[in-house]
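Shown below, as structure tokens, is a lone chain in the form predicted on its own; questions about how it binds or moves come after it.
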Amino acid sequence: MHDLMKIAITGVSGRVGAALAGFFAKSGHEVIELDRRSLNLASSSMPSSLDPSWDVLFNPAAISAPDLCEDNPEEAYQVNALAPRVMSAWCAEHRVKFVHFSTDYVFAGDEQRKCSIEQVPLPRTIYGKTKRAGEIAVLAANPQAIVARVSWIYGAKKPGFVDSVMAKIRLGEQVTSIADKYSLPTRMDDLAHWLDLLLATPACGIVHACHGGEAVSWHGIAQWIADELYRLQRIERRVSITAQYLSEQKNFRAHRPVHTAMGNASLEKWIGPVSDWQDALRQHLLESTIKP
């Protein structure tokens, strides 16, 4: 248990930022929510919006839509790389702990094995390249910062893929999902808890903040949810999820890396064993479907 802290969080209109704000406020910490109006990541005067009395600054703010990054590379570089460097340097100067969020998209995704923190990132998209540039800049400016790489987050207040699949299955609607892109789903409640634990350690550098378990596709997750809902007697009959493939997604302009599941040894080194994705997702289903 920490002493109560002043925790500033960027990107609070996004899934991760909003969830972190709720988690740390519920824990009794003073949370400073930094939206676009209170902290303009594209402004040269941004440091004047930062407060040395903060104990921690979380930075989940990003331009994270791959196609949007392809269309706006300069803005993506400003928000995903340049602004984090400025924040990281400021935190180092003022002894504020800086936690920056990155992504599994920094990897090429060509090999069917989990990516470790020792693996050299080779991003192939503007999104991945700008996020990788942000990682390098953050740690160069502030070696004590934490760079938390995350993937496929669900369970925040903003409904995402997992909750959409659950809702469609329970309504009897057909579900289609991509079967040839693999990573690991991450439960937001667990992510927030891991970050809370990391703050009580001397952790720094890159951490793969994700569950254990074997890599899975979006289709695999959806089918697992359908099978589990049937097992839990939340639906009356088995459901088969329809597979789609990346080559069929004509609206995708940016390349999508295929195999980006990350090994979490870098996380367990600091906080001990964490659950596999199946156990975390089962818990989420149970909490979301208490009534049959």
Ligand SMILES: NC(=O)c1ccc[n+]([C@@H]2O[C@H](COP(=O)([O-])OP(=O)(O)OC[C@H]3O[C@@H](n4cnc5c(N)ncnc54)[C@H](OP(=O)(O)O)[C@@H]3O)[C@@H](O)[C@H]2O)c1
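Source: prediction; values computed, not measured. Counting begins at 1, following the sequence as shown.
What comes next is about the form predicted in complex with the ligand, which is not displayed.
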Quiz item: Heavy atoms within 4.5 Å of the ligand in the model of the complex: which stretch among 164-172, 144-152, 90-98, 114-122?
Solution: 144-152
Quiz item: Is Lys158 close to the ligand in the model of the complex, meaning a heavy atom pair under 4.5 Å apart or at it?
Solution: yes
Quiz item: Do Glu135 and the ligand share at least one heavy atom pair within 4.5 Å in the model of the complex?
Solution: no
Practice problem: Answer yes if any heavy atom of Ser27 is within 4.5 Å of a heavy atom of the ligand in the model of the complex; otherwise answer no. | Solution: no
Self-check item: Interface membership of Ala280, the ligand in the model of the complex, 4.5 Å heavy atom rule
Solution: no
Self-check item: Candidate site Leu41, Pro60 and Asp104: all three near the ligand in the model of the complex by heavy atom within 4.5 Å
Solution: yes
Practice problem: Between 73-92 and the ligand in the model of the complex, list the residues on our side with a heavy atom within 4.5 Å. | Solution: Val79
